[in-house]
Each structure stands twice: as C-alpha cells, then as structure tokens.
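Same chain, two forms, each on its own as structure tokens: structure 1, then structure 2.
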Structure 1
C-alpha cells in the first residue's frame, strides 16, 4: 500500500514478494472500467464479429456467417456512397457555424466589457442547454411550410415558400443549421475566453512596432488561438455528423430521397428498421475505422500546428 506516486521505496517490498500485483488501484478503477468495458469495448468487439454475420436481430434466429460479403455489399452500395457524401457535407456545413463565425465574433468583440457582456453570454448559450428534441420540435414549427414564422417572413419580403424539410436541395442544410444553432454560443464563448487570456503585452508590443489591427489578428491572435481553433475543428469533424442524428431521425427520417441521411443514420436504419444487424455492424466498423484514422491525423496535426504561449 505504499505505491505512492514517485516514491522509489515501492520497488523494494515488491521485489521481495515476487510478482505482487498492486490491488488497490484496480479496486478503485474497477467500477469505471467495468462499465466502459461491458458497455463500450466488449460491444465494439461484438460489433466487429457481427460484421461477418447475417442476422435479423430476432432472438429465435441464429446469426449466419457470411465472410466478407457484408463489406463487399456495403462498399458497392449507392446508399452508402450517398451517406458518406452527406456525412462530409454535414461536417463541412457545420465548420462555419462552429468555428469560423464564432472566431470572427470572438475577435470582433474582444474588448466587450461590463454587465452587458454577461447578459450576451447567458443568452447566446441558451441553445446549448436546450434538449436536441426540443430544438427539433421548435425549428420544425418555425420552418413549417405556409404557417411557419420563417416562411411568413419570406412571404412578407415577396419570396415564395421554402419547403425547408421536404426539398432535397435544402433539407440537409436545414439540419446543418439546426445542429449549428446549438453550437454557435458554445464555440463563441470558448474562443472569447481563449482570446481574452492572450497577454495584452504582445498586442501592445506589436502596436509599438507599427502593426495594423489586421496584422495583430493574423500574427498574434490567430496563432495563439490555434489550440482552441484546432480543438473545436477536431470536435466538429469527429462528432458533427453524430450531433445531427437526432434531427435526421425526428425531422426527415433521412429523406427526402436520402438527401439528409448520413452514415450514423444508415447504421440505425439497417439495425432497427430493416433489421439487418450484420450490415449495421459493418457500417459501424467502417465508420469507426475511418473516424479513428481521422482522429489520429487530427491529433498529429494539432501537436504540430498549435502554438502555445509558454
């Protein structure tokens, strides 16, 4: 029980008792590891195994091994191609809302002070705590055809109705907007906080050297904000398409004409609507592998690109 961090004494009794395993740390870790092991890692292994089987999820039927057939099918399926393309569109569409716009706002409002600042902060953060299904319901009402407020406003301006959720060209962007609406406030606050923590001495020194406002932003603020910018970008890339799942499921069901589906929705459809568990698992394994690779690249880039104020 003397395995306190950095204490060299630890080695002596251990050697004498042979391979004595330290039990205490594992006892403390057990609850968390049990939950994560049973509900995340073991299912991950099972999903991988399941990807080589065909199974309709009925408890009475046994999964049938099919080798690599699921992979071959999925990789040639047009449905999968659409889903992958849409996943990329979701992420690309979210980045301006979760990174670019908040960054601009954070820089423009850097010297906002006083009680108004707290009021703004509290208000722009509200969408973050609103439940996703509530966001889905209230945007469905705002964007409703004919009677929705947005279409009424468009009519007043002389435009015709937009079928925000039924037009294949618009539906995906509608869902991107709803997903992004929940994120803008969070990103803005995070970037503002990072911006506010940049030492005024740098800015002052640059100004003494005759730097313009834009040069200060480009050469001082952006590099020093890079860890936060990269973090938000990485989170959007890794989780953006997952965040839109609830809106797809509650508002469009992947339609019209598959225009709003993405890989995460496809897995759900295969698993719980068409009951082809093998396909769902295969799509899951492929998605996880792809995003794992992306995460690796992101982390490497982050280490290389981020500038820290030492």
Structure 2
C-alpha cells in the first residue's frame, strides 16, 4: 500500500501593496474628524438608540425599552402634523426674503457708485450682526399692540391695531418676517460678491450686440449667479426653520394655538419641558432622515442646474 504524501504547501510571496496611504493629510484632519465624531455622529447614534426608549431624563430613573412605540405615537400626533406643516410654511415664507429679494437688490444696486454702494451694504448688513435675542426684544417692542411703533403707524394710516404675536393667522408670518429680516443682509452680500465676480467682458460683448439690460440679466447674470442662488436656496430649505427657533422661543412659545411651532421647537418642548427624552430623540431622528433626503435631492439638483464660468 502506497501512501500519497501531501504536497508541500508553497506559500506565494505576498504582493506588496502598490498603493501607499498618505498619512500626513489624515494626521492634519484627525483633530477635526475627532471633534465631528464626538460632537455630531456619536450624539446622533445616542439619539437613535434613545428613540427606542422612554426616559424622563432623571439620573435616578432607568430608560425603559418600548420598541417602535415612540415612532408609532409620534407619527399619529396632531401636534406633529401641525409642526411639519408649519415647518414647510416657514421655509416657503423665507425663500423670497433670503433669495429673491437679495437677488433683486444685488442686481439693481450693482451699478451704484462706490461710497453709496458701501453705505447701502452697511445698512442692509446691520440686522445680521444684531444678536438674535436682541432682535427678538426689539421686534417685541415694535410690534406691541399698544404703543408699538408699527401699530401707531397703522393707526395714523387709518387701520386698526394688529395682534402680530397673538393672532394665529398672523403670528407665523410675523416670525417669518423677523427671521428673514436677519437673513437679507447676508444673502445680499453673498449675491453682490458673486455678481461682482462676473467678467465685465461678457456684459460689454452683450451690449455691443445690442442686448438690453433685462436680456443681460436674464442671459448672463442669472445663469452665472445660479451656483450662489442654489446654495442660498439649499441653506434656506435645510436651516430656515432652525433659524426661527430663537424667535419662537422668545416671542410666542409656539403659540397661539400651536400656530408658530415647528419640528425643531417641538423637539425642544419634548426634551426640556415635558422631559420626554424618547419622544424628543424620535422627533430628531425623523427630522434628520427627512432633511437628509432633502439635502441629497438639493445637491443633485445643484450639480445638474448650476452654471459655472470655466
């Protein structure tokens, strides 16, 4: 009987990797990545885990697992539907103030002389440097039902007083105006800088061909301003409702009759007023998922629609 000996296993020499990972850039990025991981992504993971628990945030209490009950309850709450609807209204109301109006101002004032242009830019930018809580107090005084300057001006014109912060039909649009008032200066400066960077050769060539002012705006300025316009539009959609949080908290508290609340203020109410950490985390996870999808759509549209001067 013959024995077949196993052939000796010959290990192939390991191939040396042709790619060498550059270490130096990652070392430079390490502090920033660590901060992002600790302060953004780790809390996001914690919020996702907490969304499956009920907890009143007291150190002596233990979080109780509830599965998907938080999601089921939150999606059927009427106040959640109101908050989502109001969030859409905030975004829709802010777009004209943060994009359309600044775009018109930037184009119309492009031909102003130097000192006058600097003066108008300074005046427009002043609301941006005012602290949000100071702006809220200022507008509370201006919009007071009695002795407020706005209502006194309306009375001088023959109109009756308006309860800007107590009328459910007016309060939300009042907060939209205050939030947009703070954004007009920033958006105008950004669009003015982009408008100034357009090569004058394009405009001169169009004028020599007999193009009118409107045709120059339509065919040259607007296409070349499209990256900035789309960026401001995306920022307003993603962050506009967040920027109104300070004014909701300081001026209306989400009222009257929940007419000014939005999803971000509702998260704060669940977490720090009713101490329902599970519901607050669930609302945060749903909001993150919804705005994440919107951000992907916006980035895709920006890549397809933006026109760059190459």
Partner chain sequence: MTSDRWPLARLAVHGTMIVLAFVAIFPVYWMVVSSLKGDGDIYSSRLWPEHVTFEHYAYVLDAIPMLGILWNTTLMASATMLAQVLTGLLAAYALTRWRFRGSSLVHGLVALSWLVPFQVTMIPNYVLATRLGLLDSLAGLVVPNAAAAFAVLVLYNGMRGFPKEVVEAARMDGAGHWRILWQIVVPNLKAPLAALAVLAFISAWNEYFWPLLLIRRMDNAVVQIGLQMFMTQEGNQWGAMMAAATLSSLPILAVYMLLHRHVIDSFMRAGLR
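Only a predicted model underlies this, so the values are computations on that prediction, with no experimental measurement involved. Positions refer to the first chain, counted from 1. By rigid core we mean the largest C-alpha set that fits within 1.5 Å across both forms.
Participant: Is the form predicted on its own shown as structure 1 or as structure 2?
Facilitator: It is the second structure that is the form predicted on its own.
Participant: Taking the rigid core as the reference frame, is the Cα of residue 210 displaced by 2 Å or more between structure 1 and structure 2?
Facilitator: For residue 210, whose C-alpha is compared between structure 1 and structure 2 after core superposition, the shift is 2 Å or more.
Participant: After fitting the rigid core, is the C-alpha of residue 257 off by 2 Å or more between structure 1 and structure 2?
Facilitator: Shift of 2 Å or more: no.
Participant: Cα shift of residue 27 between structure 1 and structure 2 after core superposition, in Å?
Facilitator: Comparing the two forms, residue 27 shifts 5.3 Å at C-alpha.
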